[in-house]
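Take a look at this one chain, the form predicted on its own, written out in structure tokens.
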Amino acid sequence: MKDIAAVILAAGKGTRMKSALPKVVHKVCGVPLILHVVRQVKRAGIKKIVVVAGYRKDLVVDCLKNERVEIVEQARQLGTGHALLVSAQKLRSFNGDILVLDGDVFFEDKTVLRQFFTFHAKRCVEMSILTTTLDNPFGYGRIVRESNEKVVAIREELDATPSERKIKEINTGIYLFKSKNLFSYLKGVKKNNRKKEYYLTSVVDMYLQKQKNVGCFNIDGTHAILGVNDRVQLSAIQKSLQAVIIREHQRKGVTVVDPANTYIEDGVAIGRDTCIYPYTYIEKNVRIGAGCTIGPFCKICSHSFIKDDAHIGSFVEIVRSRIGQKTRIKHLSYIGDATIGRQVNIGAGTITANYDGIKKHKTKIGDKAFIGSDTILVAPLTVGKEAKTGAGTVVPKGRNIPRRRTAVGIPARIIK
């Protein structure tokens, strides 16, 4: 959408998180909050995105290093109104509408932003506010209306009267402004008496006082918009997104036996007819083929690739490794920095010892090899095709096992 730009406010520390990190870099399903927001905005069709960073700006920049966004710095955190004003330098020549949202907001329904844009365009208003209704609105600004339902104010929690705090319609912090008057209004905002900050809601008050047309788009609870103020709300978003991720895999033909006890991060690809058993943990950037069985009680770490019809069983951890087609690693094994061919059998208790205290090293195992129980393979080394190890064998680094040969003992020796 060329006629809409987005400003994402991500400069605050998030004091209620009780963390040395900025709130927006805390992860949900393996992905920083700010990256979730950027991707949601892009899915809505917006290409011009400005992110306002401040506290620990370097961490925010690092999260977004692979995204096409512009970043401006709010050197002093003086509130949301001031943060938006800082973005003016990137939007001086922009004449469309400006979407403003926080860097910690999550939409359960991916269509919400597009619905909001449609509402704003049809009403031909100067600005629109996205609201929702919560049974427990604690911590959020309330939407104050007159008897005719006309919006007259947004009242922050700290400034609300007891009767206003009973209002359940809350401000999500998501706005759509026509760019024409926005930044001139921002320059006229005064500090809030309580927090000594410039509130973005004060700009909304200006629009209302000047009798500008202000729209208010309320979405019901089935289109939940979740924000993060503390670790409790962070876990709520985690739970919500995890359910969405698992449903998407199920709809693509993956069996997840027990979704409540399965963890799959964002950015995982799983082929159809694969079965994920309970207490499996799959990190981002993992690819699993079709017809596999994974778990129970196993962990697949980032940058691992498991090909079709492989079996990864109980208490197995796969780290930065490639597992070949129809290979079986059924019990109690650690496979790190390894490339394993097809139709390999990895016996219970096998370890690829990939770390020497300084560097990580790689293990290669050829097709149809048979690795006996409790084998330790000290990388770097290569096990040839159709080679074997006996139970309890320790293969020192560099002592490769030739094709179709068998190694036994501690240290391993080749037998006829």
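Residue indices: 1-based, along the sequence shown. Note that the coordinates shown come from a computational prediction; the quantities given were computed from them, not determined experimentally.
Another form exists, predicted together with a small molecule; not displayed. Remarks below refer to it.
The small molecule is not drawn, but in the predicted complex it has no heavy atom within 4.5 Å of F177. Taking the partner from the other structure, the small molecule in the predicted complex has no heavy atom within 4.5 Å of any heavy atom of G295. At the 4.5 Å threshold, heavy atoms of G227 reach the small molecule in the predicted complex. The closest non-hydrogen atom of Y140 lies within 4.5 Å of the small molecule in the predicted complex. Out of the listed residues T131, Q242, T280, T201, T201 is the one that sits within 4.5 Å of the small molecule in the predicted complex by at least one heavy atom. Scanning S235, Q77, T339, S314 against the small molecule in the predicted complex with a 4.5 Å heavy atom cut-off leaves one residue, Q77. Heavy atoms within 4.5 Å of the small molecule in the predicted complex belong, among the stretches 207 to 215, 269 to 277, 116 to 124, 98 to 106, to residues of 98 to 106. Although the partner is absent from the chain shown here, L9, R16 and T172 each have a heavy atom within 4.5 Å of the small molecule in the predicted complex.
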